[in-house]
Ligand code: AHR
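First, one chain by itself in structure tokens, the form predicted alone.
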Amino acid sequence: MTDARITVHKEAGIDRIAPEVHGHFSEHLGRCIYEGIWNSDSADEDGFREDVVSLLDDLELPVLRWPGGCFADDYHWEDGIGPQEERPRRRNLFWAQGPEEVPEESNAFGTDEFLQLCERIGTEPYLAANVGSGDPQEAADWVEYCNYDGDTELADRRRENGHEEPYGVKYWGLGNENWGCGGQMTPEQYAREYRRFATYVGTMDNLMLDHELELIACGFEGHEWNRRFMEEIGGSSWGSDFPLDHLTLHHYYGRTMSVEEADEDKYDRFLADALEMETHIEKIAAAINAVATTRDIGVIIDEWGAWHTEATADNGLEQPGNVLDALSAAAVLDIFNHHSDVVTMTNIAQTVNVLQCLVETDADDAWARPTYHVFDLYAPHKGNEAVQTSVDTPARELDDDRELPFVGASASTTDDETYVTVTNLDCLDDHTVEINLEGTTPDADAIDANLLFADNEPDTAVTADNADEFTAEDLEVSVDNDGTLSVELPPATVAGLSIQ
């Protein structure tokens, strides 16, 4: 019997889903960079792990954020350029590094290595400049080194370091968590610092560059902080334009849940926590709209994902990768689609080995985690027009006065295709779901459907030996005479349907 119904309102467009919504984040933390992306026994002649690069290339990452995170506001970019044997070894103030777990940074992987990685996998780089312990000249010099095509000392240094043409880096974050590890600033203090940096970095594209820069300010989950920051920025004499293109926040969930010790009740609370992403997007958008407009200043969630008790500073923030986390990622990606009119980028944390990573490695192998397969299943949404969906679903009451809706969905369209993703967030029971595409009577032969995790328990963790068990399988779809689609979703599964 049908117990959930989804209506896709094909004519009720929301906005284009920016491909950057499927972005990623890599920080000098634990085994993300060293032994993850770079410098291992399986590395190629340039130092990159071929197995990791291949997996990232296949996923077609639209944007990758680097070097942090908290690391960014204690990082000085000139330490990481030039001959590697001449680069200074510095402290890593916030995190242990690599398999030795020492709080030191070799600087073997720096600006040119990161930007060359981005070129190899065809992704747009997003650099986070040091506001907490740096200065505006350092940030402006980094832009010049990366992007200027003229005859200056910094442009020549880039050429000497092996890259004749400018990299053309577009996205520049000015600071990271400056309310916390980036300087413990008040919103007014950060706004004033941000203005200083934006004056020098933001002026670079007036005369020196042939492309515009997009400047990104770091916001906070405490949304009163964002309102005060925006008011301080808006109170300056910038004229009609604001000195930022995007405002960010970071949202992690599951911080009190052990992956290995959780039960069904904790699964429900964890997934309900993930769904709170929608409230955060609405509140940060409201803080922007109170002073400016989200038509001009976009919302970026440039750190998000599951963070469990297993992930500690002592182990480089590593935690098991399982189906439950992947299910939460699908629910969050649906939320991003629903808010494509304000969300301009997101970056899941982190790309390799750390937190809710997409790729995991050991000394010999690299493999895709369940969350990787969710991003792959959702990839057809990128660049499409998001459209409104109505979901009528049963829910379960939780013991904290919240409820968990069992079925979620989002949809997007092109001229000749509708793509629908559907999640069964119920970790206990199957759900039969009807899908109606308003104004369309699809042909069964024009439907291609796939299902993730039908044969996996929510707490099943991926390893090198079982990684192939998490790939998508065909999903049977029935079509009624009136064109209504019907699918059966096992517990804790994610489906993607392409309707031509």
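Model, not experiment: these values are computed from the prediction. Sequential numbering from 1, following the sequence displayed.
This next part talks about the form predicted together with the ligand, which is not shown.
Among residues of the shown chain, His250 is one whose heavy atoms approach the ligand to within 4.5 Å in the predicted complex.
Put simply, Glu27 is close to the ligand in the predicted complex: some heavy atom of it is within 4.5 Å. Using a 4.5 angstroms limit between non-hydrogen atoms, Leu355 touches the ligand in the predicted complex. In the predicted complex, the ligand sits within 4.5 Å of a heavy atom belonging to Glu303. Using a 4.5 Å heavy atom cutoff, none of Val387, Asp448 and Ile499 lies near the ligand in the predicted complex. Out of the listed residues Asp376, Glu177, Glu113, Glu193, Glu177 is the one that sits within 4.5 Å of the ligand in the predicted complex by at least one heavy atom. Interface residue among Cys70, Ala461, Leu55, Ala467, judged by heavy atoms within 4.5 Å of the ligand in the predicted complex: Cys70. The partner is not drawn, yet in the predicted complex one stretch among 303-311, 415-423, 223-231, 163-171 has residues with heavy atoms inside 4.5 Å of the ligand: 303-311.
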